[in-house]
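One chain comes next, on its own, written out as structure tokens in the form predicted on its own.
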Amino acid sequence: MKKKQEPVVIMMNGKPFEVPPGGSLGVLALGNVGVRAWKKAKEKFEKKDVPGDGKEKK
């Protein structure tokens, strides 16, 4: 059974914003906080596609 990964969420203009693994201009505008959140989201995304998880092409 797969565990659903929780998205990386930061506050942007007082509202929660889900940080996409591909990044966004809004995240960049937040500076250091946005970049750290983006790196965390990217790391979670890359861990999801780890080789050897049974999804190899045959």
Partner chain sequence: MEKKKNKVLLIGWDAADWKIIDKLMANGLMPAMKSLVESGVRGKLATLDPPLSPMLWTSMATGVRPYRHGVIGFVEHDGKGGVRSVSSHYRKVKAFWNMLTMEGYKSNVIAWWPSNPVESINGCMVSNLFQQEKKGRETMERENWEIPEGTIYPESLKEQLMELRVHPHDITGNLVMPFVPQAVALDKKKDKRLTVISKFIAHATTVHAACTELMETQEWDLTAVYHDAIDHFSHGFMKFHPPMMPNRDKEEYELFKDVVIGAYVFHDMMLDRLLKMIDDDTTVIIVSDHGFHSDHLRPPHIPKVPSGPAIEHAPYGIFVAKGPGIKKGERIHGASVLDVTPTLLTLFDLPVGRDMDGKPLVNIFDHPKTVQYIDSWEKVDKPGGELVSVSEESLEATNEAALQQLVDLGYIDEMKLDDSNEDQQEYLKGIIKENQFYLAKSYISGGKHEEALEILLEIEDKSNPDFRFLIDIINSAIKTKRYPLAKEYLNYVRKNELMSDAYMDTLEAKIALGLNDGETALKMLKSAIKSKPDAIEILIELGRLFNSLRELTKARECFLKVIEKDPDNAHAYHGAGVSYLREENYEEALDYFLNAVDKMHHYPMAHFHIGETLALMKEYSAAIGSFEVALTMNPDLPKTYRWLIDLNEIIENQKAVDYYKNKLKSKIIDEKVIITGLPGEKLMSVIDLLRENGFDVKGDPLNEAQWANPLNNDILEGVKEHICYLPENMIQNLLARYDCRFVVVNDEAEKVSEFINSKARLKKSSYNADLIDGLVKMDTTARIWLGQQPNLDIFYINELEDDKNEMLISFVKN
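Residue numbers count along the first chain shown, from 1. As the structure is a prediction and not an experimental result, all values here were calculated from the model.
The next section is about a form of this same protein that is not shown, the form predicted together with the partner chain.
- Residue contact check for Lys39: one or more of its heavy atoms lie within 4.5 Å of the partner chain in the predicted bound form.
- The partner chain is not drawn, but in the predicted bound form it has a heavy atom within 4.5 Å of Val35.
- Contact between Pro16 and the partner chain in the predicted bound form is not found at the 4.5 Å heavy atom cutoff.
- Not displayed here, the partner chain is kept clear of Val9 by more than 4.5 Å at the level of heavy atoms in the predicted bound form.
- Within 4.5 angstroms of the partner chain in the predicted bound form, the stretch 13 to 41 places a non-hydrogen atom from each of Asn13, Gly22, Gly23, Ser24, Leu25, Gly26, Leu28, Ala29, Leu30, Gly31, Asn32, Val33, Val35, Arg36, Trp38, Lys39, taken in sequence order.
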